[in-house]
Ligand SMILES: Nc1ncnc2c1ncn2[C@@H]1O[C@H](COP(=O)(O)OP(=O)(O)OP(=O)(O)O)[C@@H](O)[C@H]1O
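First comes one chain, alone, set out as C-alpha cells in the form predicted on its own.
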C-alpha cells in the first residue's frame, strides 16, 4: 500500500479538488483507494456526499483501539471509500500532542489499512501544525499544488524546507494547479516550474467545471469526462502512479 498526502500551507490553490479528482482517477484505474479527509472544513467529504464523522473522528487518528478501516464509508464510485472529516479535527493538534509518539501511532493506523486498500490519499489542512508534521513524517509522498504565482511558489519553498527538516524520506511532488495560460505570468512561471525536474509535468487548468464541483458534488470525470480538466487529472494520476510505484 502507498500513502500520499495532498498538502500545502497556502489555501485556495486547488488542494481539495485535486485530492478528490485524483482519488477518483485512481479508483477508476482499479486501485482500491481510501480518501482520508483530515481538513476540519470537510470539503472533500462534501464533494463526495459523505456526511461528517460525528463519532470517532479524532480517535480514528489518535487512539490505538479505534480502527479507521471500520469507520470508512463507501462512496458511489467503485474502489473508492472515504474517511470523512469532522469539525472536531480543529482540535486534532491538541489530541495528537497529548498522545504518546504521534508519528508511530499514525504510522500504525496507515499500516492497518494495507489489507483493504492499495492507496490512502490524505487531504490535509492547509497549515503548518502537528498534524502536518505527523503526516509528512509518515507518508510515502507529498503532492503540492502550485499556482504559477509568486506567493504560491514561495509556499513551495516553505513546504520543501519543512519536509527537509521534519520528513523521513517522503518524496515531494509539486504540480501546477489552476493554470490560466491567457495570463503572461502564468505562462512564464509555468515554464520556470517545469524546468524543475521534481515537478510533475501535467498541469491542471483553471476551469469552471472544477469550481462547479461544489454544485455537482462529484469528481469532474464523473460528470464531464471529456472536459480538459478531467483528462488532466487522469494524466496527473498516471504520472503520480509512475513516480510513486515506479
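Numbering follows the first chain given and starts at 1. Keep in mind that what you see is a predicted model, and the values were worked out from it rather than measured.
Not on display, but discussed next: the form predicted together with the ligand.
Asker: Would all three of 17, 126 and 210 be in contact with the ligand in the predicted bound form, where contact means some heavy atom lies within 4.5 Å?
Answerer: Yes, all three are in contact.
Asker: Tell me, which of 190, 202, 41, 62 has a heavy atom within 4.5 angstroms of the ligand in the predicted bound form?
Answerer: Partner contact (heavy atom, 4.5 Å) among the options: 41.
Asker: Is there any non-hydrogen atom of residue 47 lying within 4.5 Å of the ligand in the predicted bound form?
Answerer: The answer is yes: residue 47 has a heavy atom within 4.5 Å of the ligand.
Asker: Residue 26: heavy atom within 4.5 Å of the ligand in the predicted bound form?
Answerer: Flag for residue 26 set to no.
Asker: Looking in the predicted bound form, any heavy atom of residue 57 within 4.5 Å of the ligand?
Answerer: Close contact is absent here: in the predicted bound form, residue 57 is far from the ligand, nothing within 4.5 Å, heavy atoms only.
Asker: Since only the chain is shown here, I'm wondering whether residue 53 would be in contact with the ligand in the predicted bound form (any heavy atom pair within 4.5 Å).
Answerer: Heavy-atom contact with the ligand at 4.5 Å: absent for residue 53.
Asker: Where does the ligand sit in the predicted bound form: which of 210 to 218, 26 to 34, 65 to 73, 194 to 202, heavy atoms within 4.5 Å?
Answerer: Of the options, only 210 to 218 has residues within 4.5 Å of the partner.
Asker: Mind listing which residues of 157 to 182 have a heavy atom within 4.5 Å of the ligand in the predicted bound form?
Answerer: Contacting residue: only 178.
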